[in-house]
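This document opens with one chain alone, in C-alpha cells, the form predicted alone.
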C-alpha cells in the first residue's frame, strides 16, 4: 500500500476543491487533491459548464427562429444531436484540461479515488482499479460537493426518468418532457429542451418558480417563459410517476389542474427537486466529525470544522449551493492554512444567476425579504422595453429592479431579468459590498447605449428622476387627505 505525506489534502476537485488546491500550491504547500470522478467536479463536467454550453445552443436557435424580425431570412434551425453533444463535450474537455494544467503549474498532485477518513490526519484512497493508498496531512479540506436528490418512488433509469446529470447528455430530444421542480435547474433544462423542440411542462409544488427570489422577478420570468412555449403549473404536485413502454405517465394535481387529478403522458421526466450534500462515504466519525440533520458540516468564518485542522467548503457547508461561493471559500481555507490570520469568509452578498433565456440575476434582499426584515423599502424599476440598446437587440422583454432602504437610501438588493443579466449583476455586487446608495448609482455615468444604463435608470426611478420612463407618482402617506 502506497503512503503519502503532505501539508494538505483536498477531498474533491470541483470549483471549491481546485481553488483550494491551487492556492495552497501558490502558497508553497505540498498538496494532493483527490476525486472519485474527474477534475472539475459536477460544475465543469455535469453542471455549470455543460448546461451553459447547451443553453447557448438554445439561445442561437431562438435568434435564428426570430431572425426575420430584424430583416434576415434564415432557414429554420435543425438540431444535430450528435453535433450539439460534441460541442458540449469539447467545452467540458477544454475546461477540465485547463484545470489540470493549472494543477501542474502550481505543483498540485491529483489522484483518482474514493476518499474516507482513517483518523483526523489520515485518509484512505480506494482507486477505480481496486488499489488502495494512504495519505497523511497536517490539514484536510473537505470539498465533496452535492448530488441530485433522487425520489425513491420514481427510480431513475437515465432514459425515461432522469436527473440533471443525465439531462446534459442529450442522448435523445423528446417530443414531450415533464420537469418536476421550478427551481434553477428545472428552468434551465426546460429552456434547453424547449429550444431543441420539446414540449415542456414544469410542475412546481410551491406558489412561485425560483422560490425565494423576488416575486415580481419570478412572475416576469414566468410570463416570458410561457410566451416562449414553456407550460408552467404552480401550486401543483406530481402525485405519481410511472414508466411506460413509450415514456412516463404522471398523475398531477393542484392549482394547475383545478384541484383535480390529471393524468398526462410524456416521453421523459426530469426530476429537479434539489440537491443533497455528498458526505456519506467519508467516514466522518473517524475524524471526529458529524453532519447536521440536513447532512451539512458546520464551519466558522475561517472554514474550520470543530476539528481545527479539518476544513469544509462549498455545498457540504450549506446554502446557497453555488460554485462561486465554493470558489471563494476554497481560497479562504487555503489562506488560513497558509497562515493568513486575516482571511475570513464574510461577504455582504452572494449573487445568484439563472441561465434561462433571458437570464435572471439577483443579489441582496428581495422586496419581500426587505419588508420582512423591517425595512421601509424604496423601489426603482426600469423595464427593458424602454431601453434603446435592448430594442437594437430585439430583446425588449425584461426588468431591472432595485430595492433600497427609504430611510438611508442604501441599496439592499438588485434583481434583473434580461439578456446578459449574469454580467450586469456585477454592478450590484460591488455596490452592496461598498455600501452604495441608490443616489450613488443614479449619479454614476453609465455608457450609452447599453443594457447597464438601465441600472442607472432604475436608480433614478427610485427618486422619481428617470428620463427614459414615466416616473411613478409618489405614494401619499397613509391617512393623508385625498
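Computed from a prediction, not measured in an experiment: that's the story for all the values here. Positions refer to the first chain, counted from 1.
As for the form predicted together with nicotinamide-adenine-dinucleotide (NAD), it is not shown, yet the points below apply to it.
Proximity of residue 154 to nicotinamide-adenine-dinucleotide (NAD) in the model of the complex falls within the 4.5 Å heavy atom cutoff. Remark: residue 183 counts among the residues lining nicotinamide-adenine-dinucleotide (NAD) in the model of the complex, judged by a heavy atom distance of 4.5 Å or less. When contacts are judged by a 4.5 Å heavy atom cut-off, residue 353 counts as touching nicotinamide-adenine-dinucleotide (NAD) in the model of the complex. In the model of the complex, residue 384 stays away from nicotinamide-adenine-dinucleotide (NAD), with no heavy atom inside 4.5 Å. Residue heavy atoms within 4.5 Å of nicotinamide-adenine-dinucleotide (NAD) in the model of the complex occur in exactly one stretch of 374-382, 205-213, 128-136, 401-409, and that stretch is 205-213. When contacts are defined as a non-hydrogen atom within 4.5 Å, none of 104, 144 and 302 contacts nicotinamide-adenine-dinucleotide (NAD) in the model of the complex. When you look in the model of the complex, the only residue of 322, 343, 124, 307 with a non-hydrogen atom within 4.5 Å of nicotinamide-adenine-dinucleotide (NAD) is 322. The partner is absent here; in the model of the complex, the one residue of 446, 63, 52, 36 having a heavy atom within 4.5 Å of nicotinamide-adenine-dinucleotide (NAD) is 52. Residues are counted as partner-facing when one of their heavy atoms sits within 4.5 Å of nicotinamide-adenine-dinucleotide (NAD) in the model of the complex; in 244-281 these are 272, 273, 274, 275, in sequence order.
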